[in-house]
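Next up is one chain by itself, shown in structure tokens, the form predicted alone.
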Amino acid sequence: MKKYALVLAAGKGTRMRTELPKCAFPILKKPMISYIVENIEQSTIDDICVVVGHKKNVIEEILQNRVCYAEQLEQLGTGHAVLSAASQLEDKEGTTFILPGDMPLMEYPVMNKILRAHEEMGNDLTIVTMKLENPKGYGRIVRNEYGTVTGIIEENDCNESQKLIKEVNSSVYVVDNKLLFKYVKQIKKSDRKGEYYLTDIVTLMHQNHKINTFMLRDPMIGMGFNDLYGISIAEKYLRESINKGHMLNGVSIINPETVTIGHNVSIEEGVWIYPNTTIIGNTVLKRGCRVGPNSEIIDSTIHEFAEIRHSIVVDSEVGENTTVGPFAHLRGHASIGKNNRIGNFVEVKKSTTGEGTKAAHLSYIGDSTVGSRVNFGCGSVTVNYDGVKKNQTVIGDDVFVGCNVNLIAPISIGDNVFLAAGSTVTKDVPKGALAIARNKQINKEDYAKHFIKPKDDQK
């Protein structure tokens, strides 16, 4: 039988106090709902349906065509949200895994365990529960004298004895698909809030169908996060979990409480990561490289034994044995070759460099193809923008670019060229040439007195 996931992501999330819909809010700089969908995709679930509503375009922009969508036009509770997906799921045979869109810590191995337990116990409905010492705010799991689940009572509807129950509802369910929509249609609107509670299907089903629970060992896995303080708790949990996994796999992380590593980052053993460093997106760190301190790496690949210090690398690649920083910035698909030196206050954008190239300080390399063993002197710039469009600079091998050289693109520099310091080069330079493009110096004797008074006259 097929398995379906139904993710409820239509809410506004007013307690977040943000313009973003709650399920789109970032955790470790990735939208909350992306964690959920990525884990579902790795599970044994076949298809995903996401219920959208408030600012649905934001959720749809994040998930694109990875899922199908159902729209909840009015937010009238969880039962109403499920009913909104009837057109997508009602006629399908199988099992539906229902979970909220604000539950980013539930990973696919747990999802698979829940689904397997549901099948092995022959349940019609499995309720995922947690045991909390302080269950305030959660719906309580109510059982009869035989231990059979007879209902879920929301906090505000509990009597004093029910409030003492520590087993609570996580809002995650696995249910036979046909039964789900049969009983959701029977849910009555709550008198107190005017909403349709999905929890009411337990009362409707328990006499004629098999209902069981699956208790999470770690309650954090089943937590939903509704405000910015909750987001900080989720981030701390994820950060510690991710860092621990990498350290157990041979990655040295100094002061791990200050290091943030994203969910999709791949790190080989033998890597060193230093304090106050953020590594996110689809980043790959190869064996023996060193990153940090005070660095940010996003969607980039850092090759073996490269070193990134006090720098930012975005959408770029750094070659083997290359050093970057301090205070360098690589972006826009920069591709730095092996054994390079990208030094202090150097920016490289949408450019490639060959092996052994050096830009030690205060340079800008943009929209350029740079060969091997090129040396950029201090203050050298590829002038790629003419005010209308970006233009290309091509530099051959074994080129010396003197200090404060401006290369006005589009321009091509041949191999074995020497560009004299202070030159503004506007024409192509052939192989083996020396290019000097600066005005002749003129000294006017005894002229400075017009600008600078002698010290004896300064009061």
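In case it trips you up, residue 1 is the first one in the sequence shown, and so on. On a predicted model such as this, the values are computed, not experimentally measured, just so you know.
In what follows, reference is made to the form predicted together with a small molecule, a form of this protein that is not presented.
Trainee: Check for me: heavy atom within 4.5 Å of the small molecule in the predicted bound form, for each of Ala10, Gly139 and Tyr197, yes or no.
Mentor: Looking in the predicted bound form, the three residues Ala10, Gly139 and Tyr197 all sit within 4.5 Å of the small molecule (heavy atoms).
Trainee: If contact means any heavy atom within 4.5 Å, which of 324-332, 107-115, 311-319, 69-77 contacts the small molecule in the predicted bound form?
Mentor: Heavy atoms within 4.5 Å of the small molecule in the predicted bound form occur in 69-77.
Trainee: Would you kindly say which of Pro100, Gly151, Gly371, Gly366 lies with a heavy atom within 4.5 Å of the small molecule in the predicted bound form?
Mentor: It is Pro100 that has a heavy atom within 4.5 Å of the partner.
Trainee: Exactly one residue in Asn243, Asn276, Asn226, Ser252 has a non-hydrogen atom within 4.5 Å of the small molecule in the predicted bound form; which is it?
Mentor: It is Asn226 that has a heavy atom within 4.5 Å of the partner.
Trainee: Hey, in the predicted bound form, does Ala81 get a heavy atom within 4.5 angstroms of the small molecule?
Mentor: Yes, Ala81 sits close enough to the small molecule in the predicted bound form that at least one of its heavy atoms falls within 4.5 Å.
Trainee: With heavy atoms only and a cut-off of 4.5 Å, decide whether Arg15 touches the small molecule in the predicted bound form.
Mentor: Arg15: yes, in contact with the small molecule in the predicted bound form.
Trainee: Indicate whether Thr301 is a 4.5 Å heavy atom neighbour of the small molecule in the predicted bound form.
Mentor: Result no; Thr301 lies far from the small molecule in the predicted bound form.
Trainee: Would you classify Asn169 as touching the small molecule in the predicted bound form, given a 4.5 Å non-hydrogen atom cut-off?
Mentor: Looking in the predicted bound form, residue contacts with the small molecule include Asn169, since a heavy atom lies within 4.5 Å.
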